[in-house]
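Shown below, as structure tokens, is a lone chain in the form predicted on its own; questions about how it binds or moves come after it.
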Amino acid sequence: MKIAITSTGNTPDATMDSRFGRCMYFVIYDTQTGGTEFIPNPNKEALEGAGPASVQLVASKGVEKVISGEFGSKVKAIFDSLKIQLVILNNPNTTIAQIIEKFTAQKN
């Protein structure tokens, strides 16, 4: 399964970005291969439509789950229609490595 995580930077030590549509980076983590890809968010400076455009970006990567601090109502509806699960984390100080570690520990 592929998971997208919103991130403030492009390293595992970066913290989760609480904003979905305007996050700095998306981290795509593949639970089967353990591979991690950091993608700069081209929508972070968009005047409007950042959320829906970001949904298209992560969906195009084949993700089944997205982890962030918040999601707007338009984005939630789009994710629901795509059957992509949303996970809200309320601790913005959590690093990408910690999130991946927690998720992989749950699966084992």
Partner chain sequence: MARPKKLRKVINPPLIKGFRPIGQEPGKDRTPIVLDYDEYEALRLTDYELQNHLQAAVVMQVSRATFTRIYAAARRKVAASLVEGRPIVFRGGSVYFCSEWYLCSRCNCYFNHPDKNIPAITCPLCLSSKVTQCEEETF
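Positions refer to the first chain, counted from 1. These figures come from a predicted structure and were not determined experimentally.
FYI, the form predicted together with its partner chain isn't displayed, but the following is about it.
For the candidate set T15, N10, Q85, S18, a heavy atom within 4.5 Å of its partner chain in the predicted complex is found for exactly one residue, namely Q85.
Contact with its partner chain in the predicted complex, judged as any non-hydrogen atom within 4.5 angstroms, is confined among 52-60, 74-82, 39-47, 22-30 to 74-82. Within this chain, A97 is remote from the site of its partner chain in the predicted complex, having no heavy atom within 4.5 Å. Contact between N93 and its partner chain in the predicted complex is not found at the 4.5 Å heavy atom cutoff. Residues K65, I67 are the members of 51-69 with a non-hydrogen atom no more than 4.5 angstroms from its partner chain in the predicted complex.
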